[in-house]
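Given next, in structure tokens, is a single chain: the form predicted on its own.
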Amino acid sequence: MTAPSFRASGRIRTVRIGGTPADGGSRGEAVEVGGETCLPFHRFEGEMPLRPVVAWEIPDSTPVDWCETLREPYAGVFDDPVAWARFAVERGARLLCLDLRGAAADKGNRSAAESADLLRRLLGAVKVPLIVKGPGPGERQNEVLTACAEAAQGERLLLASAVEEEYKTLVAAGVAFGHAVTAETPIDVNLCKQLNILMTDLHFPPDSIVIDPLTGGLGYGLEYTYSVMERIRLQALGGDEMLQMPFICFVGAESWKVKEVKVPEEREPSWGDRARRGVLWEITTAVSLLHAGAAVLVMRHPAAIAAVEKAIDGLMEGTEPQRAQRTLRMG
């Protein structure tokens, strides 16, 4: 007998990141994500027209809290975010995520004007689209991301992130300056839908929203994240229009903060080589979230990024309809 097939009545919206000269921006090309009418990589059941994208994380200031394993690949650019961005693009990055961590009060207290100036310099140095991640929910985030939105009008940034307590300012900036916005909720289907409703009630286009379900790393809530993302995706494909947005997952930040990637081998010999351990932790988290439906993965280690890009190649190739048709043999 043939395998049962799931046929969706809904489609995930396509969201475009990056403004080209035709849009009033300066990006070499835009990146589009979403568009599925099937579960991840199930192209034997529907369409998955767009490849998931890996975004390289670029800290705005020296990330002194990063462990040695993660610092080593960036030794030549560690103190220069513009050089770091060029480094990533030279290695094939199609999308970058500028992390404005330095605007947080406890990490440098950089002003909104300074953050916007750095963004301008990055936009001048590279031509790939940008995600801009704020320093964390609160008044400072709204101030910083609004300044960046205005400084990059026409570039169609993806601004991260709007939260239910403080979404109106960021949504207004997205509308005024033509950017997409991520909607961040704490691993909950109903809260995710509610925030999307609130944002669209302010006349924010639903095809400019990317869902951030809040990612748990391997061993730290990954299973729960996966199950919630799966439920969101099933409801979306079942026709729920307020959940039909693609996902973004900040994989690097979650993977590299866990103790298992920080503890030296001398302290825990059975855990194996720390450098290899950390890279594998990021890879495992990222590939798991791809299968949950992640369209954008924000990652850190070049070796992990290369491995995940290769995995995406294989998953996209291996899901061609003619390769995916299977017959069940009854024993």
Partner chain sequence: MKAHRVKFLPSGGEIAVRDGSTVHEAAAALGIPIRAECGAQGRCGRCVVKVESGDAPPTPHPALPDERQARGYRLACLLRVAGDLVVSVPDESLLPAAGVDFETVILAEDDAKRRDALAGLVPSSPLRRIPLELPPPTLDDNIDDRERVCRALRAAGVRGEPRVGLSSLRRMPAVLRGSGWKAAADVFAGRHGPEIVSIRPVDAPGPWGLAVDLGTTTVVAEIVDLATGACLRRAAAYNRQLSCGADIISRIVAASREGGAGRLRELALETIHAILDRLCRHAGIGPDDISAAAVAGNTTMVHLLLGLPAEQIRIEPYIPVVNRYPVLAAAEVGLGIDPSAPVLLAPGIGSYVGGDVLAGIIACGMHRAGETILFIDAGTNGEIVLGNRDWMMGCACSTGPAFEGVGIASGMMASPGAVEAVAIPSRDAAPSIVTIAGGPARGLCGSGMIDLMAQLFLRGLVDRRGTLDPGSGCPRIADRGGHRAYLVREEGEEGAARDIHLTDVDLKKLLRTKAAIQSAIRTLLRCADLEEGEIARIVIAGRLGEAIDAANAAAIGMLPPLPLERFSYVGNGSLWGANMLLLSGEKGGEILSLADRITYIDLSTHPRYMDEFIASLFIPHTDAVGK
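Model, not experiment: these values are computed from the prediction. Positions refer to the first chain, counted from 1.
The same protein also exists as the form predicted in complex with its partner chain; that form is not shown, yet it is the one meant from here on.
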Original post:
Heavy atom within 4.5 Å of its partner chain in the predicted complex: which of 140, 94, 107, 193?
Top reply: 193
Subject >> Contact residue in the predicted complex, from 164, 260, 230, 114 (heavy atom within 4.5 Å of its partner chain) >> reply: 164
Subject >> residue 90, heavy atom within 4.5 angstroms of its partner chain in the predicted complex >> reply: no
Original post:
So in the predicted complex, does residue 146 come within 4.5 Å of its partner chain, heavy atom to heavy atom?
Top reply: no
Original post:
Is residue 79 a contact residue for its partner chain in the predicted complex, using a 4.5 Å heavy atom cut-off?
Top reply: no
Original post:
Hey, in the predicted complex, is residue 188 touching its partner chain, heavy atoms inside 4.5 Å?
Top reply: yes
Original post:
Quick one: which of 96-104, 146-154, 240-248, 123-131 gets within 4.5 Å of its partner chain in the predicted complex, going by heavy atoms?
Top reply: 240-248
